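Consider the single chain below, provided in structure tokens and representing the form predicted alone.
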Amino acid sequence: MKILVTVKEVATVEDEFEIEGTGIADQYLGADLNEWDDYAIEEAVQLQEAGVADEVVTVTIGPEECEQTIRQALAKGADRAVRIWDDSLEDVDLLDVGAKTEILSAVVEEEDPDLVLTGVQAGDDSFGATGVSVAEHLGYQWGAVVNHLEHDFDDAASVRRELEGGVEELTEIELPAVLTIQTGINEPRYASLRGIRQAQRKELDVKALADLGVDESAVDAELELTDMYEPESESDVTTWEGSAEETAGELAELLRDKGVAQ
């Protein structure tokens, strides 16, 4: 069995930052592996360790600068990686779900995996739709927000997934399938020193859109980022100075005024 895991490098932001136009100033930005994708990588590696998977491949849409993040996934146990980049992506401010679907689906068709794992969402745009969109595009079965995956399966994956209102669903999904992985499904490992050294020697294949048969028009976004601002807080905070004995009465009076206490 081959498992393909989508991996994304996301921007991290300092506590204090400044907005420039429709973005955050570069000096306040860092980069890291998307949290949800980290859990997807771990799940794939565990399936390989359990003897279910023969190969774990990651795919990333991103420039050369994100290869350090890709190496994190390789250091944690993925066998090889594919990075997609093209000149037509250079000036794209917001790669929408449709564009990601076209690109990732082309990679899936080329790699022909039995199982595709994605994070539920990305920490930057939080669309939460890419995995299911890829499955729909390819005609694959899918399961979203998976928080448990049995590691003993053949032609179907037995999963538990979160639904609205705290309800969980137990179901079997026929392969090939796309599963979007929720945080908490496992405990992502730290990359070992040995794994980090090995990651430098693992294959990282770079492909352009033309290599995948994807037309450049596919990255023309249907979404436009028009503004960015910090939301204003509408909640009022009341603070008191003094000991608990001195402020308890004031707190009780406030709670009565708010209707919390009688």
Partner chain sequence: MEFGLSEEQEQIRDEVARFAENEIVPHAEEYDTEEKFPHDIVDEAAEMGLVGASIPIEYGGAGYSTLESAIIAEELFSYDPGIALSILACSFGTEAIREFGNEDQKERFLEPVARGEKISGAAISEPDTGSDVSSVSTRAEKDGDEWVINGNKMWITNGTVGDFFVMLCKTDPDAEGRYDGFSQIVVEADRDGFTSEKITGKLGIRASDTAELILDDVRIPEENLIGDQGAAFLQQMQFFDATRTGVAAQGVGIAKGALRAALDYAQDREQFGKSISEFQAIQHKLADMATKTEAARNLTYKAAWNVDQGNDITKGASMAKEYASRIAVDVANEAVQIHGGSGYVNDFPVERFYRDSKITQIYEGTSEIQKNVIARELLDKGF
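Since the structure is predicted, the reported quantities are computational estimates derived from the model, not experimental observations. Positions refer to the first chain, counted from 1.
The form predicted in complex with its partner chain is left out here; the points below concern that form.
Of the candidate stretches 226 to 234, 208 to 216, 190 to 198, 51 to 59, only 190 to 198 has residues with heavy atoms within 4.5 Å of its partner chain in the model of the complex. Across the proposed site, Asp32, Gln68 and Gln72 without exception bring a heavy atom within 4.5 Å of its partner chain in the model of the complex. Within this chain, Lys76 lines the site of its partner chain in the model of the complex, having a heavy atom no more than 4.5 Å away.
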